[in-house]
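Okay, here we've got a single chain as structure tokens, the form predicted on its own, with questions on binding and movement later.
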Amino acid sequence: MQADKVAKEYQMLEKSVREFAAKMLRPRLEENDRYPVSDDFAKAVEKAMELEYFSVMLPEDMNGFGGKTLPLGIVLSCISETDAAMGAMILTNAVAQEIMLTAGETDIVRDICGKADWSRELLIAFPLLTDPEEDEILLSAKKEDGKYRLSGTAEYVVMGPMARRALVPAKLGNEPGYGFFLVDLDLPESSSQGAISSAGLHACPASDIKFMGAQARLMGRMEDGPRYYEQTCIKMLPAAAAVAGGLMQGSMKEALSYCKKRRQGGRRIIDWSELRLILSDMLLAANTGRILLDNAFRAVDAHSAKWAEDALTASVYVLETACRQTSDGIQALGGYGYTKHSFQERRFRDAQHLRSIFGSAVPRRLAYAKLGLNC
């Protein structure tokens, strides 16, 4: 009975997200592919917060699903079928929240969520497309009178131009390792250099943020920063892939709809065998990704023995395949696929951008080889 109740809750969540995407995002896709965001996109963000999509993975006493990843995957996949930028915003916020919760900073997360009457207050920027284990950290922390102050630059902080706060990694002097610090971006000692030009996810911009002695709060313990990141990264990889999975589903549906309507040489183009093979490959990739992700989310939430391997398998497959599948979507739409009006070129750009979530795709693939080949 409990399983039936949970399944029904997930079905209701999916229905709610699809209705939201159809009403708030789909009518204005072209004008929403930019930053500064349009007034309509800002209203959509506020509505998504009102519907608690930005807090879906939080503990139950914060109106979340008690740390479960599957509800977050449903939200990200269904929204990203229409607009991956909104999905990337929700993902960035969820990753920052998860690191803070892993660090034991539940009261701070609760305090931030309690100020959700203003959208910027709820957003937490985070360098989602970098890996502090692989990339050089240019931000240092110094402890003075019991308080930490940050100096240096945090690079490519996603939602940096639009969030009130940021969660950033910083080193403490010459000590090894790093810790995570929550910092108020409205402080005069913080300055953003504006949105960085990017190929995709234009409405979810990133910026380099310079700190000049800005006061910040350490999350958890300094020496445990790498552990917080590693635990969060593996757990949230399927959620990141769910954004790419949404792009694959959206590509498949749009290509199929177009090919059924378009006629050339006196017959529908979907009846051409070459095109049917492209659509078949797209459908196979989209369905395989959906099944892998569903299994991964359930393994993570059940803490099954091979949850980490399942999470990595699904994520590597979906993040890589989405790049090829969205390219096939352009081919299926012919010349129309290259235009702004089809939105398929946007899906292609967004899929390429998503490959860098949690850092370069190459280390992730090598980590999978090490895990899968046991060598």
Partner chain sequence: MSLSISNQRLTTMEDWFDDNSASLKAISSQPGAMAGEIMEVVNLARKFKEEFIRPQAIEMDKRIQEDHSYLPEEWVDEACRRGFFTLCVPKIFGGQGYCFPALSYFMEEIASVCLGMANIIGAHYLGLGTLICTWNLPLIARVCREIVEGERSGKACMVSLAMTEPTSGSDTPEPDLLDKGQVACLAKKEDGGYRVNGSKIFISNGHFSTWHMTVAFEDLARPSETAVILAVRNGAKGFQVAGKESKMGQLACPASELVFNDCFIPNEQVALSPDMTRGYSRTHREIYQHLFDDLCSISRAGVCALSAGAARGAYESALAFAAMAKKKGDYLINSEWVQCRLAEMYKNAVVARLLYIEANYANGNHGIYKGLQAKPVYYALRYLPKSFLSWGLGKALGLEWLTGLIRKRQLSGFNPGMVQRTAGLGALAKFASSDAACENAQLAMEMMGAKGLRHELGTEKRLRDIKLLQIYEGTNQICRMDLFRNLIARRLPQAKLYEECV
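Numbering follows the first chain given and starts at 1. The shown structure was predicted, so the numbers you read here are calculated from the model rather than taken from an experiment.
Below, we turn to the form predicted in complex with the partner chain, even though it does not appear here.
Among the residues I278, C259, L187, C113, the one placing a heavy atom within 4.5 Å of the partner chain in the predicted complex is I278.
Contact annotation: of the candidates A199, L284, I291, A305, the single residue with a non-hydrogen atom within 4.5 angstroms of the partner chain in the predicted complex is A199. Contact annotation for the candidate site: G173, N295 and V316 all lie away from the partner chain in the predicted complex (no heavy atom within 4.5 Å). In the predicted complex, the partner chain stays beyond 4.5 Å of every heavy atom belonging to G146. Contact annotation for E46: none of its heavy atoms lies within 4.5 Å of the partner chain in the predicted complex.
Within this chain, G334 lines the site of the partner chain in the predicted complex, having a heavy atom no more than 4.5 Å away. With a 4.5 Å cutoff on heavy atoms, Q264 counts as touching the partner chain in the predicted complex. Contact with the partner chain in the predicted complex, judged as any non-hydrogen atom within 4.5 angstroms, is confined among 216-224, 134-142, 92-100, 232-240 to 134-142. Contacts between 337-375 and the partner chain, taken as any heavy atom within 4.5 Å in the predicted complex, involve Y338, T339, K340, H341, E345, F348, R349, Q352, H353, R355, S356, S360, A361, V362, P363, R365, L366.
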